[in-house]
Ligand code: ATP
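Okay, here we've got a single chain as structure tokens, the form predicted on its own, with questions on binding and movement later.
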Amino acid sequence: MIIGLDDTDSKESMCTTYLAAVLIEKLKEYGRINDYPLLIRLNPNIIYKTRGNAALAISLEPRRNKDIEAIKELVIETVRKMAVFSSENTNPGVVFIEDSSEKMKAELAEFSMRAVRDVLEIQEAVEILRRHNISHKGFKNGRGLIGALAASGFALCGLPDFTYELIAYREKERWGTLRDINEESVYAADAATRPDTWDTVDYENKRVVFAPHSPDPILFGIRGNSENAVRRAFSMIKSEPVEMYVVYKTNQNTDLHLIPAKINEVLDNRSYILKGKVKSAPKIIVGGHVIFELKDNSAVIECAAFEPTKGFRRIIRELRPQDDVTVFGSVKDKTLNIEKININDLNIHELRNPICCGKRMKSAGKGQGYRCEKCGSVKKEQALEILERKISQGFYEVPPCARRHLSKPLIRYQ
């Protein structure tokens, strides 16, 4: 039996992973939890998301078939008690998959992937649920059924790539207060477990980044390649008391949201991999954001390194027209928000006015070449010079403090 959950929190409080953690403890009375619970990050561009746009799936093997209805009632009642129904944007959904056919698996595999990459409507999820007679419960407008079904689909069909996250939860009386975490122990844990863990600290910006700042139940989350790695880091961290913790299998840091595409295929609220050449020199706009135009043989798009990406903007500022690059990121208002960039080839040539007598020659007028102001000599054409570039070919990424949940860090390419 697969139980899918989504959309129980709000921007200010609760967390669907915490509800899942509470539910896991309750469900142990009714059977065995199979494999790791799944934490699935859906399309990060959805306007209805609360914070991280996460959906959860739990695989349970009931001890007795007669308990199935009691299990459903327990799940629904837990959601009813814990979800933040007072928030207009909270619309929980619960899905129960008890059996499956090959046709259903194929349809859910496609639906789940689209939930990470595309913009789906509630009705599409409802139609699949009805067509395959999947038990479910939607609250309010039922938008959470999309994520609940998508997470269940990944639990049923598997993930093409996955990582792990150990999430530690706070004692309830501490919710809304400042988190008490010993930073020295966090740096030590990171040093001891890298590269098998990542995004715990941001060395460039001297920040601990694995703990949220919102008043929700999460104390911190440790991401890594294995359960052993995240547990080892967890054992080294000194902090306030932990109420409980759960190790999730997740699609975080996998780039599963990215769609390889041509620029003319790009739509808002999706994420892409786009290859092309820099059309215009980068410019700094109000707010410290850096913008440049990227072109391929189909169209042109603006690409942006926004202020929160901090030092990453220095790389983008060094780009020049005709540099060959591949950009990775999400599109909003027809602008791609860069998550990382691969500089495939640098333009190291530039046409400039010739040098004569130690100075640049001046234009003699349209079509009349260039004249030396000192000796009067004339040259017909500009000179092709080799530029000294301050950047090199290769991958560059935003710092951990600006990383999105789904974006694959370069440390995972090693």
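From 1 onward, residues are counted along the sequence shown. Owing to the predicted nature of the structure, the values given are computational and were not obtained by experimental measurement.
As for the form predicted together with this ligand, it is not shown, yet the points below apply to it.
- For this ligand in the model of the complex, the listed stretch (71 to 79, 132 to 140, 112 to 120, 235 to 243) containing residues with heavy atoms inside 4.5 Å is 112 to 120.
- Shown without its partner, this chain lists Lys26, Arg360, Arg51, Arg371 as candidates; in the model of the complex, only Arg51 has a non-hydrogen atom within 4.5 angstroms of this ligand.
- Within 4.5 Å of some heavy atom of this ligand in the model of the complex lies at least one heavy atom of Leu42.
- For the chain shown alone, Ile146 is a contact residue for this ligand in the model of the complex, at least one non-hydrogen atom being within 4.5 angstroms.
- In the model of the complex, at least one heavy atom of Ile46 sits within 4.5 Å of a heavy atom of this ligand.
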